[in-house]
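In the block that follows, a single chain appears as C-alpha cells, in the form predicted on its own.
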C-alpha cells in the first residue's frame, strides 16, 4: 500500500470509530441546562470544527467567530466541546478571579506525552508546590548566576549561523533555546546528557499534534516510545545525583529544586515536570526570537535604535574597565530591547490561546459553561483588538512606554498559572539580541508574508535569512 495514503486511512478509521462511539455511547454526564449555552456551532459529532480550524489560519477562524457571535462563543475542536472567550474581562474571570473553577488542561494526547503530573495539568496544593519549586530555580536571584553560561550558548549559536544562508532560522534557534533549557534544569552537567535528551525529545515533539492513534508506524506511537526512553534517561540522571555526597553537591538548578527531600516528589513526578519545562521553554522562546529577527529586519529604524542601545552597554563597560561579559545588571539596562520583546510577544502572539476545563457548571455573562467543557481564552484576539492596542497590526515597540491596561497583555498568561519561567525567557532573548545586533547583520531571503503553525505561530518556512558579520 502506498505509504502516502496510510495516515489518511488511519485518520478515516479513527474518525469513523469516534462517530459511532458518539452515537452509541452519548455523554450522560451533561448537566441539565438551566441557562443557555453561548452562541455558536458545534459542527459534526466528535470531529466538530477541527478541520475548519486547521484548514486555514487559526486566527481567521477565531476572529470570524468572535465577529459573528461576540466575545464568548461555543465550538467543538480536537474532540472537545469548547467555549472561547476573547475579552480582557472574561480572561480575568477564567484565569484569575475564578481560576479555581477552571483547571489547566491539554488534549489527552498531549497529557500522555508530557506526563499527567506536569505542572500544566494540575491545580490546588500540588500545583502550588510545583510552582514554588520552579520559581525557586527561575527567579532572578537564581538565574542571575547563569548569565555568563547563557551568553556562551548565545555566542556559540550565532557563530554557527554566520556567513551562510539559513534555510530555517527557527530550527537554529530551537537548538539555542533547548540548550538554555537544559542548562536551567541540569546546570553545567547538562552537557553530559544533551545529545541523548535531544535525540529523544526531537522524536517526541513530532507527535504533539498527531492524532492519538497508537498503531505501528504512527507518529503518536513513535512519540510515546521516545517519551518512555526519555523517562529512562532521566531516571539515570536522578540516580547519579543521589549518589553524590551532599557536601559535594553544589547544584542550584531546577533538578535540585525538584529533588529536595523535604518536597517528596516521586521520580515520575520529577520526570513529567522536567519534560514539561523543556516543552514550555523551547519552542516558545525560539518562536519569539524568530519573529524579532523578522520584525527588526523589516523596521530598520527600530533596529538602529536597538543596536545603539546595545552598543552603549558595551561602551559603558569599556569606559569603566569592567569585563566584557554581560552581567545581570547589564540586562536590566536595555529598556528599548525589552519593549521590542514585549511588542513581538503581542503582535506575533505565538501562544494564541490556552486550555482550561470547567470543574463544575459555571455561569458567565448569562451563559452556562458546562462542567467538563474546555474554555479557551483567546490571547491573540485580545492582543489584536484595536480598542486596546491602536493599529494592532503595526510593529511599534514604543507603545509599551506606557504600561498596558490590566488583563490586556497576556503573553505569559495570568494568575496562578502564569508562566513561572518568564524571567529566564527574557534573559535568554536579551543576551542573544545583544550579540546579534552588535556583531551581525542579516537579510530576509524567503517570503515575507505568511504564517505557519507547528503548533506555535511562525514566519513562513521558519524565516530563511542570510547572516554575516558586521
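What you see is a predicted model; the values in this text were computed from it and never measured. Positions refer to the first chain, counted from 1.
The same protein has a further form, the form predicted in complex with a small molecule, not shown here; the description that follows concerns it.
> Taking 4.5 angstroms as the cut-off for heavy atoms, does residue 411 touch the small molecule in the model of the complex?
Replying inline: Residue 411: contacts the small molecule in the model of the complex.
> Is residue 102 close to the small molecule in the model of the complex, meaning a heavy atom pair under 4.5 Å apart or at it?
Replying inline: Residue 102 lies outside the contact set for the small molecule.
> Looking in the model of the complex, any heavy atom of residue 346 within 4.5 Å of the small molecule?
Replying inline: Because no heavy atom of residue 346 falls inside 4.5 Å of the small molecule in the model of the complex, the answer is no.
>> So, residue 375 and the small molecule: in the model of the complex, are they within 4.5 Å at any heavy atom pair?
In response: No, no contact at 4.5 Å.
> Can you pick the stretch from 75 to 83, 199 to 207, 357 to 365, 275 to 283 whose heavy atoms fall within 4.5 Å of the small molecule in the model of the complex?
Replying inline: Only one stretch qualifies here: 275 to 283.
> Ok, 119, 296, 259, 161: which has a heavy atom sitting within 4.5 Å of the small molecule in the model of the complex?
Replying inline: For this set of options, the contacting one is 119.
> Which of these residues, 48, 58, 421, 40, gets a heavy atom within 4.5 Å of the small molecule in the model of the complex?
Replying inline: Looking at the other structure, the residue within range turns out to be 421.
> Would you say all of 127, 131 and 429 touch the small molecule in the model of the complex, counting a heavy atom within 4.5 Å as a touch?
Replying inline: Checked in the model of the complex: all three residues contact the small molecule.
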